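In the block that follows, a single chain appears as structure tokens, in the form predicted alone.
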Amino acid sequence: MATATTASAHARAVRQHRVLRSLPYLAPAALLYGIFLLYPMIDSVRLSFFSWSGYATAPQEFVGLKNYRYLLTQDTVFWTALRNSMIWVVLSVAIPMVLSLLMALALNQRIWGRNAFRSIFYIPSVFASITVAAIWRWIYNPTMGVINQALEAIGLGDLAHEWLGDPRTALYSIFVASVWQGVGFNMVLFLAGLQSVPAELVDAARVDGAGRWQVFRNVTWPALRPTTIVVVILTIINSLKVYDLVVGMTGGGPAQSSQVLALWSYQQSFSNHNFGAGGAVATVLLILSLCLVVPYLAWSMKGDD
């Protein structure tokens, strides 16, 4: 008993010593994180309880929950932005993830030109979002865009219209551009995950008579669990903070039909000079992110125990 207690105390002392030794290396990064990420986040939450125009000479007046009541009861754009952000999250988890997984499975095979295809599919993810927005605005151009011209060429000219100028299609048109830009990055993550699938397990399953679907369901998919967790979390976070593509393609229009929470927070603060409402939208966005990511992360980690 005394020996076990002594060993436990020694292990604790070693861990404390390691933490103390690592502090000088962690301190600069922690300081930068606190200044450039943590402080703005906390200050944004603080501002959501104040009324402030954003001018240095203007006073900040404490208004309690007034900004939140305004968002929930009077700001119709907020509800549109919230609905669009949720649609974006659901579509992002469903469509690009499945596409990227299928592409990774296909390009993990020994097929001709797979390295070239990997590069081609990955290239859009290195483009700046504003560049992607410019490319797809040209593709959606009502008169000279590729999509409308292709529809007219195959006899479906009745379907040609202003994709970004129609409130019914604007958000989904931006989402297509987002898929084009992001699917390659997820594909690379899944490809890296596929390299960790034990080949001997796959061979053993095939020797036992398992088909391709059975091998995928019982061997490949469980081995991809850590990669899938990373991809889902990154997808949800990136979906909630989508901003630059919307700004570059529609600016939130027409008639706020493609408005999202991140853009509405910015416009409330810097266009409408209502930093209190902008901070309230940002706080709602932060709470949504935590509500979506933390439970999924906790559930995923439970399976690793």
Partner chain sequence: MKTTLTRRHALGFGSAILASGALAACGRQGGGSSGGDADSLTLWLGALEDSQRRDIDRLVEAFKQANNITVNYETHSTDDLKESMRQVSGTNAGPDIYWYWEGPGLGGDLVEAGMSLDLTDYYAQYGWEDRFTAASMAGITQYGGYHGIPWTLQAQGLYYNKTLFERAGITTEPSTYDELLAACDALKAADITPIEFGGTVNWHVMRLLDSLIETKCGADVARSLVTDKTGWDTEAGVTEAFTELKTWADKYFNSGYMSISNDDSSLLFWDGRAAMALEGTWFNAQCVDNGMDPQEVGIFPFPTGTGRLYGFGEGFYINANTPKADLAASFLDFVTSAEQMSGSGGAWAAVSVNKEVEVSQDNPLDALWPPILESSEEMYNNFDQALGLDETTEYWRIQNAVLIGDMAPEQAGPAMQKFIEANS
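The shown structure was predicted, so the numbers you read here are calculated from the model rather than taken from an experiment. Residue numbers count along the first chain shown, from 1.
Missing here is the form predicted in complex with the partner chain; even so, the following discussion is about that form.
Interface membership of residue 61, defined by any non-hydrogen atom within 4.5 Å of the partner chain in the predicted complex, is ruled out. At least one heavy atom of residue 167 is located within 4.5 Å of the partner chain in the predicted complex. Within this chain, residue 142 lines the site of the partner chain in the predicted complex, having a heavy atom no more than 4.5 Å away. Under a 4.5 angstroms non-hydrogen atom cutoff, the partner chain in the predicted complex lacks residue 258 among its neighbouring residues.
Exactly one listed residue, out of 205, 160, 95, 77, brings a non-hydrogen atom to within 4.5 Å of the partner chain in the predicted complex: 77.
The stretch among 149 to 157, 106 to 114, 172 to 180, 227 to 235 whose residues place heavy atoms within 4.5 Å of the partner chain in the predicted complex is 227 to 235. In sequence order, 275, 278, 282, 283, 285, 286, 289, 290, 293, 294 are the residues of 274 to 296 having a heavy atom within 4.5 Å of the partner chain in the predicted complex; the partner itself is omitted from this view.
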